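Just one chain follows, in the form predicted on its own, and it is written as structure tokens.
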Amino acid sequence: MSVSEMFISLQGVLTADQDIREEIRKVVQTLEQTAREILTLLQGVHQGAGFQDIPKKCQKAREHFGAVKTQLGSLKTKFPADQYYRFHEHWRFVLQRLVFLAAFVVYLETETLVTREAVTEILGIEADRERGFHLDIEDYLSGILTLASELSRLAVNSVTAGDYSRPLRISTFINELDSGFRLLNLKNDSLRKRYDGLKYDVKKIEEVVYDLSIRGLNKEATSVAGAEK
């Protein structure tokens, strides 16, 4: 093989790779748009009237996740199944965003932490890497850390809306989440930095709870929560 033939062959490989990346990019753009639509919908819970509409907003968000399943199904076909991590960077951030959105919906519905397996079911992908397009553990954890930031904001807005019991429940949840992350030996630099931000979310929520306490509103919240039971 001559030098020119060798480089022509290499160009063919480069072109094929570029075509794959372009196809992936197109699907990822669609996923990002759907994620923005879900986020816009869920952001309504931070407004005063939004607290009464939480079930309706969660239902609509789940309908949007139907489109996400279709789009991720298309993404799976754009690259060889055994080259997931070669192209992972293209969809890593949007997948983390989708994990956060799925986790936020589940929290709003049940006030519990969504499992990685439940997220994969919502997104229509795999939990086991051996089975193909899957949810990487680090992507799952990054999405959960974004949830913590969102809940710290929700705690503040709950007080503004006159819901004094919700910040107490959020505080309990976030502290349990923090305890869970402390059990992990995180060596990934990006994930470790994200986790370091969790302590600020914990502090922010503690300040909200403390403010309720000194104003005597935590007793009111506790009595309301007891009455609801």
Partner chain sequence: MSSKEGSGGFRKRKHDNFPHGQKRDEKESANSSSSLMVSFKSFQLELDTRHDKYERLVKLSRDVTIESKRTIFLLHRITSAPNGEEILNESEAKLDAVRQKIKQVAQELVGEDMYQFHRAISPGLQEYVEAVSFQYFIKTRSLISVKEINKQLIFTMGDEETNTPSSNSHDEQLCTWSLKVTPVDYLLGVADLTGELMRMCITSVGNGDIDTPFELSQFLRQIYDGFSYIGNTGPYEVSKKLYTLKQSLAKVENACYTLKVRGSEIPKHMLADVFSTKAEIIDREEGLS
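These numbers were taken from a predicted model, which means no experiment stands behind them. Positions refer to the first chain, counted from 1.
What follows is about the form predicted together with its partner chain, which we do not show.
- Note that among 129-137, 102-110, 67-75, 147-155, the stretch whose heavy atoms approach its partner chain to within 4.5 Å in the model of the complex is 129-137.
- Checked against its partner chain in the model of the complex, the residues 177, 45, 161, 39 give one hit for a heavy atom within 4.5 Å, which is 177.
- The shortest heavy atom separation between residue 141 and its partner chain in the model of the complex is within 4.5 Å.
- Put simply, residue 184 is close to its partner chain in the model of the complex: some heavy atom of it is within 4.5 Å.
- Contact check for residue 13: a non-hydrogen atom falls within 4.5 Å of its partner chain in the model of the complex.
- Although the partner is absent here, residue 172 lies within 4.5 Å of its partner chain in the model of the complex, judged by heavy atoms.
- Taking a 4.5 Å heavy atom cutoff to its partner chain in the model of the complex, the contacting residues in 59-85 are 82, 83, 84, 85.
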